[in-house]
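Just one chain is shown here, as structure tokens, and it is the form predicted alone.
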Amino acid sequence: MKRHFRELSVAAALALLLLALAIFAPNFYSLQPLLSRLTAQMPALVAAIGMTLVIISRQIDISVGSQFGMCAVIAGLLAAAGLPLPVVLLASIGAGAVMGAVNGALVAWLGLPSIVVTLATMVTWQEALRLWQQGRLLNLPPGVQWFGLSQSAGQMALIGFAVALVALGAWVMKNVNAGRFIHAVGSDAEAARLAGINPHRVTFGVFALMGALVGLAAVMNAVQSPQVQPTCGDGLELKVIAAAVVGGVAVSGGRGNLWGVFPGLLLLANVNPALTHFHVQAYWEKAIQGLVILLAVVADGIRSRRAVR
């Protein structure tokens, strides 16, 4: 119980929020709007899987929003050209993996600080995308939206896939050597090296995987609309970092799991709808989200100090 206190506390806070909405704003649970709100968060959930691994390895990636927009535009252009959806999906994942690999190579092999590297690549991809598309929307052909399924079936498919991916990732992190290597490198890279783990390879791998998951998330986002917006990734990096931190991932690295990320993301995502249903001014959303994130960081700091003692 104590080991998973952070994850359980976030889940409890989410449950209390949902209970309050059930009592005071039952319209919040209208099926189709609820399903649409949940589906809209699934691309961020997939990207948050990668961000969780990056933070556990004691790194950070603030370029994911730019990568997301670039992958979405690539997917939109290929889909508009008539390529099959599986090809579009693989191309988007591949493009994301390449962008993530660039970050990983600079951080792992050149030893550059990840926040500096990803800040530079964030601006690079943003400006490249702006010059390339100049804000133009991309119209997707028929059959791409919801993977050619009905809206409700497509929404259920996206939700089921994202949750299954979280479950798979959590199992891998606990039972596969690669997952344990990430925790080891994040806890102490030098000790991991002495134990036979290659920290450079692990760091490169988590950044490349981060990019691949962003490419996957970009397609999951694109199929929810008949158009692709080049700015669709704006702010994604803050959302997924916040979801990971609130969900129990230590900002100092080496500790955390994927199970807390889902309730962490939902807790932050439901602040705005809750304010709307409680007739509270929407400008409080960022303040409340910031307070939640601050409390999570403070709790992590207190826990780290106690561990040292």
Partner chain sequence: MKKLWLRHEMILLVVLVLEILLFNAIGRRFLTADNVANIVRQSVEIGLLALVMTPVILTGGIDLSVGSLLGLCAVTFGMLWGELHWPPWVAATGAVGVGAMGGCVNAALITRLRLPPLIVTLGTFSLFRGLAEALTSGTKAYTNFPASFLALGNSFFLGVPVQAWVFVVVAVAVWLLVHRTTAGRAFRAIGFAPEGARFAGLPVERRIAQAYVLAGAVAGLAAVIFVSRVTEARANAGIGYELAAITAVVLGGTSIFGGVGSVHGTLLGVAAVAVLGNGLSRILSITAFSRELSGILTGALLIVALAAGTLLRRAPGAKGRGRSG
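Bear in mind that the values here come from a model prediction, so they are computed numbers and not experimental data. The term rigid core refers to the maximal set of C-alpha atoms that superpose within 1.5 Å between the two forms. Numbering follows the first chain given and starts at 1.
The discussion below concerns the form predicted in complex with its partner chain, not included here.
Novice: Leu112, Ile159, Val98, Leu85: which sits within 4.5 Å of its partner chain in the predicted complex by any heavy atom?
Specialist: By the 4.5 Å criterion, the partner-contacting residue is Leu112.
Novice: Out of Ser225, Thr231, Ser152, Thr124, which one falls within 4.5 Å of its partner chain in the predicted complex, going by heavy atoms?
Specialist: None of the others qualify; the residue that does is Thr124.
Novice: Counting only non-hydrogen atoms and a 4.5 Å threshold, tell me whether Ala128, Leu131 and Gln281 all contact its partner chain in the predicted complex.
Specialist: Each of the three qualifies.
Novice: Quick one: find which of 161-169, 101-109, 143-151, 214-222 has residues within 4.5 Å of its partner chain in the predicted complex by heavy atom distance.
Specialist: That would be stretch 101-109.
Novice: According to a 4.5 angstroms non-hydrogen atom cut-off, is Ala120 in contact with its partner chain in the predicted complex?
Specialist: Ala120: yes, in contact with its partner chain in the predicted complex.
Novice: So in the predicted complex, does any heavy atom of Leu137 sit within 4.5 Å of its partner chain?
Specialist: Outside the cut-off, so no.
Novice: Ser9 near its partner chain in the predicted complex, any heavy atom under 4.5 Å?
Specialist: No, Ser9 is distant from the partner.
Novice: Going by a heavy atom distance of 4.5 Å, is Ile293 a contact of its partner chain in the predicted complex?
Specialist: Answer yes; at least one heavy atom of Ile293 falls within 4.5 Å of its partner chain in the predicted complex.
Novice: Within 4.5 Å of its partner chain in the predicted complex, counting any non-hydrogen atom, which residues from 229-267 show up?
Specialist: Stretch hits, in order: Leu238, Ile241, Val251.
Novice: Inspect the rigid-core superposition and answer whether the C-alpha of Ile293 shifts by 2 angstroms or more between this form and the one not shown.
Specialist: Shift at Ile293: 2 Å or more after core fit.
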